[in-house]
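A single chain, nothing else alongside it, follows as structure tokens in the form predicted on its own.
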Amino acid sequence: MKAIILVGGFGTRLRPLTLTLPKPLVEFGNKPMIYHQIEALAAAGVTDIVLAVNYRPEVMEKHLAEYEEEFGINITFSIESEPLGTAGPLKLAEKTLLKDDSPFFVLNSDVICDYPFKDLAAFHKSHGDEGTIVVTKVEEPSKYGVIVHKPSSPSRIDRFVEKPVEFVGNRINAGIYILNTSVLSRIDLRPTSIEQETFPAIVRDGLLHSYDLEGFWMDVGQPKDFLSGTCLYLSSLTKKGDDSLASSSLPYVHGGNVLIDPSAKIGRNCRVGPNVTIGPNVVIGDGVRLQRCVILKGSKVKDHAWVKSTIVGWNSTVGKWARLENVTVLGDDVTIRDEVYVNGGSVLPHKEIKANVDIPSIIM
């Protein structure tokens, strides 16, 4: 089988981290985001993966070569000279996707979930039509484009309703599809939207179905959603009894859902959790409080600091008695001085913060 991952461009929504690494290589749950997707695709029998990119593909090549070897798959880049939206990249990668007549998976690189690729392929084969969209149920459908089914079918899609004022359903597009190769003949090589142009055309022909996603789902392209998605991911690991999580019997683990790289060092009298990820070679001082946060590789959090709802970028330092909260994001090699308060700051790489940041802002 084949798959195409829509990586896209610069990743402005997850700045300041994407100033250092392309977004797919930013660690989520201590693994690059794209690793989770490639691992799941390979497990479902996918042998050829296309990455549709228009920003810094050379940075990803080394990492992807390692994944090719690890999973025994072929990974190629489809490089856009201009952004082609969500449908154009499929046409650009047509040669690989038409390698045989088997259907192919499409997914957005920001989506984290329990990927249902095997079951999705079986469902798609069972109905025999042109496409299947994975859908997830949401509590507030008025914020999204909602999928409405035909009255006679629980899966055949009748229409899409954008941000409905009245309730018409609660299933939304989860950014994962499986499509027959015939869909490629519907797409022109130009900037075009699969959601607004291609899918409505397939719906008019009565050939598009939905597949309900079980378990958690999150588009983690924005910092607040990255943190929410981390909570959902860690909760999922807990439910599965995954042994990569830190044991709740450890004296510093508080509330569970804590993932700590074995090379990290934790000081005395700390309280870590719930929902914390600590990366490789991180050093946590004494008396530190960590909650709902991600501490990336090589960073230091000094004694008695408080870090909540924050992403601490690689090789950064949080000073003694500092306090970070309210979706603060530190880029690579940022220093927060002792006793400094940061409230929702987005700090670009290689900066030193010496004064309080009381109002959420970008620090350049």
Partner chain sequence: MSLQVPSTIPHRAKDGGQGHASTKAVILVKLPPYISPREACAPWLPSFNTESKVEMAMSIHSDVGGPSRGTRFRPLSLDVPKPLFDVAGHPILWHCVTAVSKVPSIHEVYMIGYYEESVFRDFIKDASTEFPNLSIKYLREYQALGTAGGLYHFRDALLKGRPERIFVLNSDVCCSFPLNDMLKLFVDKDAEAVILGTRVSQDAANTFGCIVSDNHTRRVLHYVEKPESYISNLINCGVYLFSTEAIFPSIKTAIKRRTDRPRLVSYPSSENLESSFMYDDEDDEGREKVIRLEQDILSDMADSKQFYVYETKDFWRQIKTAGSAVPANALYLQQALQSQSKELAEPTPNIIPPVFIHPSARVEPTAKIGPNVSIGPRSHVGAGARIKESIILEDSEVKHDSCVLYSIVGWGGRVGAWARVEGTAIPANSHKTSIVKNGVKVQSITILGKECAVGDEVRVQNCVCLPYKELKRDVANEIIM
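Residue numbers count along the first chain shown, from 1. Fair warning: this is a prediction, and the values are worked out from it, not measured in the lab.
Although not depicted, the form predicted in complex with the partner chain is the subject of the following passage.
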Legend entry - Candidate site Arg289, Arg323 and Tyr341: all three near the partner chain in the model of the complex by heavy atom within 4.5 Å: yes
Legend entry - Interface membership of Leu296, the partner chain in the model of the complex, 4.5 Å heavy atom rule: no
Inset, instruction - Find out whether any non-hydrogen atom of His304 is located within 4.5 angstroms of the partner chain in the model of the complex, and reply yes or no. - result: yes
Inset, instruction - Determine whether any heavy atom of Thr181 comes within 4.5 Å of a heavy atom of the partner chain in the model of the complex, and answer yes or no. - result: no
Inset, instruction - May I ask you to state whether His127 is within 4.5 Å of the partner chain in the model of the complex, using heavy atom distances? - result: no
Inset, instruction - Name the residue from Arg271, Lys99, Lys265, Lys118 that puts a heavy atom within 4.5 Å of the partner chain in the model of the complex. - result: Arg271
Legend entry - Per-stretch contact check against the partner chain in the model of the complex, the hit in 64-72, 332-340, 45-53, 23-31 (non-hydrogen atom, 4.5 angstroms): 332-340
